[in-house]
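So this first bit is one chain, no partners, the form predicted alone, shown in structure tokens.
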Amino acid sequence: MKSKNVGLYIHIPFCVKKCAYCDFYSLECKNSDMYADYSECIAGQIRALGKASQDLHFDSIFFGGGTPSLIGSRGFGQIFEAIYGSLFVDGDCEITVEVNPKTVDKSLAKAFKEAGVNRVSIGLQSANDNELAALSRIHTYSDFLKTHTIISETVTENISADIMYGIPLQSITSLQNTLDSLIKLRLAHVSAYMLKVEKGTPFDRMGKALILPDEDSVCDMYELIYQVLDGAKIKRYEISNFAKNGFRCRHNLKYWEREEYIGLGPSAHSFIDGVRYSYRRDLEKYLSTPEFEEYRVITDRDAENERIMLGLRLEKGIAPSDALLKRASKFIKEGYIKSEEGRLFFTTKGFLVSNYILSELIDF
């Protein structure tokens, strides 16, 4: 049987405190017994996966959340023991762990190193403490610096930082401060996400009391992020992701390039053998009898729409069909999209309104 390379995503649905803007599936939890139970559950699923899918070679592993670092050395030990004991892991596998400042100490960092973690993503969001407080983050910029030092000295220099723009209290000047702070650290990768107020979140419930930068300011902020990072040779390769040469996130590229991956944990998504499925956003149900929330066989039409929606998020874009070129013609004339050397891709101007344009390009 021919083997194939896939990615593995492991969702850790725990947080010390739920952020006011967050719509990801996570629960406030400080119960070490729950962390242990969940880690053993995931380890059991990994062992079952290994028995059922011996033709899979895992070339990327990504721990996301939530706050994965909360499960500690014990939890990661359980999970990695199952991974290395049950799965075929490529020798150059990219292994990423997301962490939040104030949740990592040297002991955990050493456990990461021993387990083979070679990429760490730190959730900074802002280098300005007033903005962090407005986002209800549990850390300060000083906490981030301490975490960065621990990771860089103990685990790896392949470090990514998440930042946000369009957030409460933010200005061009304060964003410039955040970017300048990141440049000094010589990070390998930066993810920059525009705030989107999701339904049901505390920010959504604030209504008009939530004061955010206006639309023109948000556009200027994205332009600034691109210019500053590009000047530091941290190049955009996806609408929200920037990396130095050789440090693009291989796992996340699987999503945008429609490569296969398996997700474990409540709310985790998978794409394998032409099927997309996801688990219910329900921790108790997952610990007892995991159930699918979605299970969908991808048709040829679905696949082409996904290729457009996901592929155009990338700086390199996609090879267009004649029909897609025709639909994109007006956006090419207006400077939102370029068509060069057999590729179709967004300009920086186009990335700012990509959601609208993509909805016009999809063949419904």
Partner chain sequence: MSLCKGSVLIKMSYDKEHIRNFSIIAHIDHGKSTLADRILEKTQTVAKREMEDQILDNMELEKERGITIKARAVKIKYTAKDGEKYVFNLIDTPGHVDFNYEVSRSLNACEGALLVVDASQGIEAQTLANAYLAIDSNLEIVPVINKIDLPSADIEGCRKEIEDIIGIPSEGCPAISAKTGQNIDDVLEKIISDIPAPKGDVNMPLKALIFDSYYDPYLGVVVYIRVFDGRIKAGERIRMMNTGAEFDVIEVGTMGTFGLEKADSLSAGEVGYITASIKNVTDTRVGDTVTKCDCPTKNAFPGFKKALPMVYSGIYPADGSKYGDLRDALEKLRLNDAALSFEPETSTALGFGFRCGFLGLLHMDVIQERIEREFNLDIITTAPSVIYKIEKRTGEQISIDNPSRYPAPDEIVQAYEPFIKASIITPSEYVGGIMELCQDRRGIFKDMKYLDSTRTELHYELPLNEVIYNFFDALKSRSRGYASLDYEISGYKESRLVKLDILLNGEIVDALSFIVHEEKAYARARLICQKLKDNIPRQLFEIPIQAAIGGKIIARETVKALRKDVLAKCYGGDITRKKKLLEKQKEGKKKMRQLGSVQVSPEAFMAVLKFDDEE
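Positions refer to the first chain, counted from 1. It should be emphasised that the depicted structure is a prediction, and the values quoted were computed from it without experimental measurement.
One more form of this protein should be noted, the form predicted in complex with the partner chain, which is absent from this view; the next part is about it.
Inset, instruction - Please pick, from 230, 157, 291, 223, the one residue with any non-hydrogen atom lying within 4.5 angstroms of the partner chain in the predicted bound form. - result: Selected residue: 223.
Legend entry - Sole residue of 169, 89, 194, 264 within 4.5 Å of the partner chain in the predicted bound form, by heavy atom: In short, 194.
Inset, instruction - Report yes if any heavy atom of residue 98 sits within 4.5 Å of a heavy atom of the partner chain in the predicted bound form; otherwise report no. - result: Yes, residue 98 lies within 4.5 Å of the partner chain in the predicted bound form.
Inset, instruction - Answer for residue 355 alone: is it within 4.5 Å of the partner chain in the predicted bound form, judged on heavy atom distances? - result: Contact with the partner chain, yes.
Inset, instruction - Look up in the predicted bound form whether residue 14 has a non-hydrogen atom within 4.5 angstroms of the partner chain, and give yes or no. - result: Judged by the heavy-atom cut-off of 4.5 Å, residue 14 is well away from the partner chain in the predicted bound form.
Inset, instruction - Mark residue 316 yes when one of its heavy atoms lies within 4.5 Å of a heavy atom of the partner chain in the predicted bound form, and no otherwise. - result: Contact with the partner chain, no.
Inset, instruction - Spot the stretch among 100 to 108, 127 to 135, 195 to 203, 140 to 148 with residues whose non-hydrogen atoms come within 4.5 Å of the partner chain in the predicted bound form. - result: Result of the contact check: 195 to 203.
Inset, instruction - Enumerate the residues of 310 to 336 that have a non-hydrogen atom within 4.5 Å of the partner chain in the predicted bound form, in sequence order, or give none. - result: The stretch touches the partner through 310, 313, 331, 336.
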